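First, one chain by itself in structure tokens, the form predicted alone.
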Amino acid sequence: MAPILEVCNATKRFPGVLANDRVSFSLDRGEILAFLGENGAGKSTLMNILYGLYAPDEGDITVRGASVAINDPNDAIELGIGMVHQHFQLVPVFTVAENIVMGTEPTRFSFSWRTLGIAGGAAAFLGFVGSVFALDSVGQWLVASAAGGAAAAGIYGLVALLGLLSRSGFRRYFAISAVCSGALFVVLALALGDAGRIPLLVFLALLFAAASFPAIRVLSTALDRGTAARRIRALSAQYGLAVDPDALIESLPVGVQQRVEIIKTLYREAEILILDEPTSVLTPQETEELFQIMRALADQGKSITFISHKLKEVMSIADRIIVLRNGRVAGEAKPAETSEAELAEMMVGREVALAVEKGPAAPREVVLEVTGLTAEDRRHQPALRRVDLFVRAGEVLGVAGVQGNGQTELVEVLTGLRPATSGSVRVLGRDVTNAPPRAITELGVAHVPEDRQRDGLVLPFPIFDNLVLCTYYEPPFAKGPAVQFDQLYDYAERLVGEFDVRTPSIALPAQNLSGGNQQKVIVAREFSRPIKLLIAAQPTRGLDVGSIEYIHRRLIEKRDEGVGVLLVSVELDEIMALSDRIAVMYEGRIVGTVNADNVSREQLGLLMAGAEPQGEKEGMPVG
């Protein structure tokens, strides 16, 4: 059977960057094809070419055996190609159904039989009341009432007919409505003896036909929410994607939002699905659910191509794996015929240590102490419920838990981005409860935020500015009110090289970097200044295996230098590999703090589900 999709020698150039260099591959029906590669290897660029967001400089694309030109996403959708982006393209205040049908809204005539009934009844009632004063018998009253109802029904029928005509386009609407209304005027003119006014009446009919079209279009294109909801429920049942069409997007967890994105592509009858980093914001449980959905889609004939940095995930779900390096195809393999180590080496071009190497911790004084901390989420619901924890210099405290159990709000309160409603936060012995972010930063606190685009970067600013957001006003980058650009540029060039940020220039706006390289800019900024406490939320999200290895090594180096590290991650493997102690959050509380060397994944899983810990909880330090 011929492939459903073939790409031959796809090449894409940007100023100073060869993003894709003669990339060729094919995708079969019902196949799950994974793309691996470092940040900046060209994976997202290639997927954006397939979806029409970029035009290739060279190369050919064949869909179902026919050569095609994909100039924009509309062309891709017409060809049955759908894409789920790494950053979801959803409107938070809209419902699930409104987001899914956006741009392809099913419509219905906006009047209803209830409206007709009310209008007819009102007209009949008014006719009846009027007849009491104007007519001589009950029979005449009834005739007048029926006439009122008939008039209302006739008006409704006329508007409904015009509405049906309006859906066929202006040309057909104009011709039919002009002929009908013109004929009606001519008949009336002949019946009333006004034959001399027929030309004027015909002109009025033409004017009516032209002027009424916009108003009738509005009347006849109300969103048919019922039809949309029924089709969404049918798709949900068919593919095992449980969503509520009436739920607001902003009220849904990230995993369900991703289901909405997938249903949005299926609603447009996509046969080829492109998933860009589909697990980067999912919990392990949500990831497993996504893989079940992907396999069900493939079993029903859908073809899936997805980008990932996670070797275990690719090995568990992909039918075939293609590795990109520096914009080229570095290799291809099937999971049964390769290993994680081989894939990592293919990605990076060198042997990669997949296990974290670290010695025993040497904890010292307390650098962060949190007591009785409470806070609310953005909906003003309790998010933190009397949280107690501490971090000592020279140790890593990992915070584990299913996403949405208060980890985000905890980090935001600790870094001054969200107010606490009660409790206290002390850094190096100083009370910083509800202190502004700059005051906390100047105490030697580094922050790698969970949402790099919202809290970590000023996206329109160049890379060199983003690398000194915490220190731009201090020497050597500032001398009084003047910026020392030579010092700033030298510093930025050094960090870009040291942290392997893939960019043609330090003057490039941060918004033009891939997600992984944006993360590297944040990590470079926060790790490269004198700090006493490092708060890292999802520090390796969106990074390739080589970069993850590097970040993990730097985290342990910081610990060994005497920095206290608070690590928040939904990656349980990461938490267990890096932490010296692990605190588990459930429904805004710390339900247990355990020694990382003496706990199993099963025990952590029970705590993450809210089970009571066995034995005594660790308490706060004394002194």
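Residue positions are given as counts along the sequence shown, with the first one as 1. Predicted, not measured: the structure shown is a model, and the values here were computed from it.
Beyond the structure shown, there is the form predicted together with a small molecule, which is absent from this document and is the topic of what follows.
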For this session: Name the stretch: of 572 to 580, 37 to 45, 57 to 65, 592 to 600, exactly one has residues whose heavy atoms fall within 4.5 Å of the small molecule in the predicted complex.
Result: 37 to 45
Exercise. Quick one: in the predicted complex, does every one of F14, Q86 and G515 get a heavy atom within 4.5 Å of the small molecule?
Worked result: yes
Exercise. Would A19 count as touching the small molecule in the predicted complex under a 4.5 Å heavy atom rule?
Worked result: yes
For this session: Give a yes or no for L508: in the predicted complex, does one of its heavy atoms lie within 4.5 Å of a heavy atom belonging to the small molecule?
Result: yes
Exercise. Can K264 be called a contact residue for the small molecule in the predicted complex at 4.5 Å between heavy atoms?
Worked result: no
For this session: May I ask you to state whether R426 is within 4.5 Å of the small molecule in the predicted complex, using heavy atom distances?
Result: no
Exercise. Exactly one of H552, R325, R268, R502 has a non-hydrogen atom within 4.5 Å of the small molecule in the predicted complex; which residue is it?
Worked result: R502
For this session: Quick one: from R525, H309, R259, R392, grab the residue that has a heavy atom within 4.5 Å of the small molecule in the predicted complex.
Result: H309
